[in-house]
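Take a look at this one chain, the form predicted on its own, written out in C-alpha cells.
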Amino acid sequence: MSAHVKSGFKEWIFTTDHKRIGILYLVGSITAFCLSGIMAVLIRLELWSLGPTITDDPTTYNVWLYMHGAVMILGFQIPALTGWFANYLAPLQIGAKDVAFPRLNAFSLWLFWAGVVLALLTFVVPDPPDVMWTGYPPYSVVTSGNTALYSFTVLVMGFSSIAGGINLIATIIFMRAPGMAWGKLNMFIWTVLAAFTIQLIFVPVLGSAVTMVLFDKYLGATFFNPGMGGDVLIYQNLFWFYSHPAVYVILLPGIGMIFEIVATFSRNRIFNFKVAVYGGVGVLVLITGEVWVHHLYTSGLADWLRVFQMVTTLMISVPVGILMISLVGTLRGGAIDYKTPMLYGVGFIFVFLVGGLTGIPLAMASLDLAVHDTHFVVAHFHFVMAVSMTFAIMGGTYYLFPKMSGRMYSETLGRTGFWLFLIGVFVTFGTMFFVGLDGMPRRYYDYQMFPQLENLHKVQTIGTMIIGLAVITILISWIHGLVAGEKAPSNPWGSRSLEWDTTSPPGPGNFGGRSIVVPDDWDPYCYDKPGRTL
C-alpha cells in the first residue's frame, strides 16, 4: 500500500475499503479451496484400490464428499468470483471511489467468514454433517449427522451473498463516473450485474429449502415425509431451482474475467460485444430459471416435463455458445501475448468447451437416464464448472496481482503451475468419462462390483496429486511475488480499462483524489486508438 495508508491488523479487520474487503474474500476463498482440495485428495486416496483404503467407515467418506462439494461451491467459487473479483474490480472499472454501502459490504464479508468457521466446525463436532452438498431428504432428516450445521452454513453464506448483491448492484447503477454510460461498461461489469440479479432472485429459494429440512428434522414438520403427506421431490425441485442458476452465478463473473484477460492480451476489441451482452448475458438471465429439471430426469417426473426441460436445457446452450464465439472471435487477428493470465484464459476456453460439449448429451433425457449419477456426470460438471471456473479465478488473480500487491509475480512459477494444473485436470477428469460410461456410480465408497476399473481409478488419483502439486506451485508463486517480486508499474499489461489508470495498488478513493470524467470517444477496449489517460 501507499506510505500514507495504515496496514495494521486493526485496519484490515475493521476496514470498509472495497479493495481490502475484496482481498479478504480472496484469502477466505483460497483457504476454502485448499480445504476442499484436501477433501478431494482423501476421496481419491480412498478410491485408489478395491476395498477400504484409508478408512473403513462409509460415513467418514460421506463427510469428505460433503465438505468437498459444499466448500468448493459455497466457500470458494462463489465468494472468489462475486466477492473477491466483484468487490475489488467493479468500483475501479466504473470510476467509483468505493461501493454504495461500505458497511454493508464489510458485514457481507464477515458473514462469509462466519460461514467458513461453521464449515470448519465439521472437524470438531461429534456428529459432523454427512448429507453431501445437496442435503437431500429423507437421508438428511433421518441421519445422525448434524444437519443443522449444514443448514446454518448455507443460510449464513446465503445472507452474505444477498448483502453483497444488493451493494454491488446499487454501486453499478448509481455510482458510475460521469460519462460512464451503459454502453461503455466492461464485459465484467455486465456479467457481475447479471450474476447478482440471479443471486437475489434464487438464493431465498435455497434458504427456504434448507430451513424446511431443519424444521422436518428438529421440529417434527412433515414437508418431506411421504407418510404424512410430504414429498421428497419438493426439496429436490427447490434445491435445483436455485442450484442450477447458481451455475450461472459462477459462470458469468468467471467468463467476464476471461473476457477482460483475452481482450487485454490480444490487444483486440471484444468480438460482437453487444451481441455477447444482450444475446449472451441477457438471455442467460432470462432463461436460467427454466433448466433445473435435467437434474431430476431419473426421479419419476412426468415425461412431458422431461421433454419440456430437455428443450430449455438445449436452448440455454445458445447464449453460452454466443459468449464462447465472442471469446474465440476476440482472439482472431490479435497480437496475443501468452503471459500467465492469458494461458489461463486460453485454458479456460479449451476446458469449458470439453465440459459444454459433454453436457449436450446429458441434456437429452434418453441419454441421461443411462449415465445419470455416474462418474460421467462428475467429469462433466468438473470440466464445465469446477475446473473452468477455477481457471478463471486463478487467471484473474494473476491478472490483478500487480494491481492488488504492487509487485509482479514470477512468470516461470506461474506458467509451471498452469501446465501442471492443465495436465492434472485431463488425467483426473478425462479418464473419469470412461469410468462413468463403464457404469461407475458417483458417491460410492467402494467399487468391488467394478474390479476392472481399479487401474483407471489409480490414474485419476495420480492426476489429483498433479493438481495438488500445481496448487502448491501457484501458492508459492503468489507468496514469492508478494515477498520478492519486482515493483509493478501502474499498468503492466497496457490495458485501456479504467482500473489500470491508477497506482498499483490504488490508495484510498481509488484514483488519488481525481474526479474521473469519461470522454465520449472512450471505451475499455479501444486498442485501435492511440493510448490515452483520463
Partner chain sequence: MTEHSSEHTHGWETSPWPLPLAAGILFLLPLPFSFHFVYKNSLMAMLSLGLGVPMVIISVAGWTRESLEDKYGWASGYIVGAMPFFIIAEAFIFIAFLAAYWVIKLSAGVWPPPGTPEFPVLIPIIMTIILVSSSITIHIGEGKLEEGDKEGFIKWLGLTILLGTVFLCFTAFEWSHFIHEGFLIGTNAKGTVFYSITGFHASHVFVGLAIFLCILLPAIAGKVSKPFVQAGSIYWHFVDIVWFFVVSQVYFW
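On a predicted model such as this, the values are computed, not experimentally measured, just so you know. Numbering follows the first chain given and starts at 1.
Beyond the structure shown, there is the form predicted together with its partner chain, which is absent from this document and is the topic of what follows.
The closest non-hydrogen atom of I162 lies within 4.5 Å of its partner chain in the predicted bound form.
Proximity of P519 to its partner chain in the predicted bound form falls outside the 4.5 Å heavy atom cutoff. Not displayed here, its partner chain is approached by I173 to within 4.5 Å at the level of heavy atoms in the predicted bound form. Contact annotation: M228 falls within 4.5 Å of its partner chain in the predicted bound form, judged by heavy atom distances. For the three residues L200, T211 and G507, a heavy atom within 4.5 Å of its partner chain turns up in the predicted bound form in every case. For the residues V459, M408, A221, I287, the 4.5 Å heavy atom test against its partner chain in the predicted bound form is passed only by A221. A100 is the sole member of M385, I73, A100, V277 with a non-hydrogen atom within 4.5 Å of its partner chain in the predicted bound form. The candidate stretches are 424 to 432, 230 to 238, 387 to 395, 75 to 83, and the one lying within 4.5 Å of its partner chain in the predicted bound form by heavy atoms is 230 to 238.
Scanning 123 to 141 for heavy atoms within 4.5 Å of its partner chain in the predicted bound form gives V125, P126, D127 in sequence order.
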